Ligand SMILES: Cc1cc2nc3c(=O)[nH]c(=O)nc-3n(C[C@H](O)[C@H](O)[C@H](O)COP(=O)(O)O)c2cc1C
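Listed next as structure tokens is one chain, alone, in the form predicted on its own.
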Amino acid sequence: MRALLKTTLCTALVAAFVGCVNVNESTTVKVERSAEQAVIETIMTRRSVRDYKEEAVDREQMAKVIECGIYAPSAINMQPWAVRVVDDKAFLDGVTEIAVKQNPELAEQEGFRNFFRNAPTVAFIACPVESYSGEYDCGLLSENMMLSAWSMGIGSCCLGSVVPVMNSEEAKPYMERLQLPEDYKLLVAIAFGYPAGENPIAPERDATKAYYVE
């Protein structure tokens, strides 16, 4: 995985701008506008997916997702994140078993297969316990990952409920397998997978919460 991270660039985003080289001005404008529209469309259509196919995300695609994630901005370029990706079914099923023991109602959910919204691939995101910007920086990284994934047809969902389960004594062996750096804390898990159903409808947004200050 590390080798892929070092060698794979964010191809889906870069390719949108390649056409700007050695073309006339009118063509360049069209390509730039197309890239802008693609980015906006990805942001506006991306939804939290909670129904996935059983197939794990292709590792080369996942490498691109992670590469896009670590290109997120961070304070003083400290890059205070640790990303661990798991697509081992036994690992995810093991954590699921612990979660169900702690909350039996989980297994009563319709179509329940695992604790990670049935996702076959999960990214665990962590940052230093003592960090004035780590949580914000990891939020930027997470959004980069989810948006780049969506641009490649991969769904995602942030899973804050995973953190207390992973931090429980029963899940200690699984936390140890993540091999997080010393003095790091788990912030969130992100489910990734190929959507099995239709794209959810976006809840209405309240535009009055953002405005210019005169």
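This one's a predicted model, so the numbers in the text were calculated from it and none came from an experiment. For every residue, the number given is its place in the sequence shown, counted from 1.
Keep in mind that the form predicted in complex with the ligand is missing from the display, and what follows is about it.
Annotated contact segment (heavy atom within 4.5 Å of the ligand in the predicted bound form): 153-161, selected among 55-63, 176-184, 34-42, 153-161. The closest heavy atom approach of residue 168 to the ligand in the predicted bound form falls outside 4.5 Å. Taking a 4.5 Å heavy atom cutoff to the ligand in the predicted bound form, the contacting residues in 195-214 are 203, 205.
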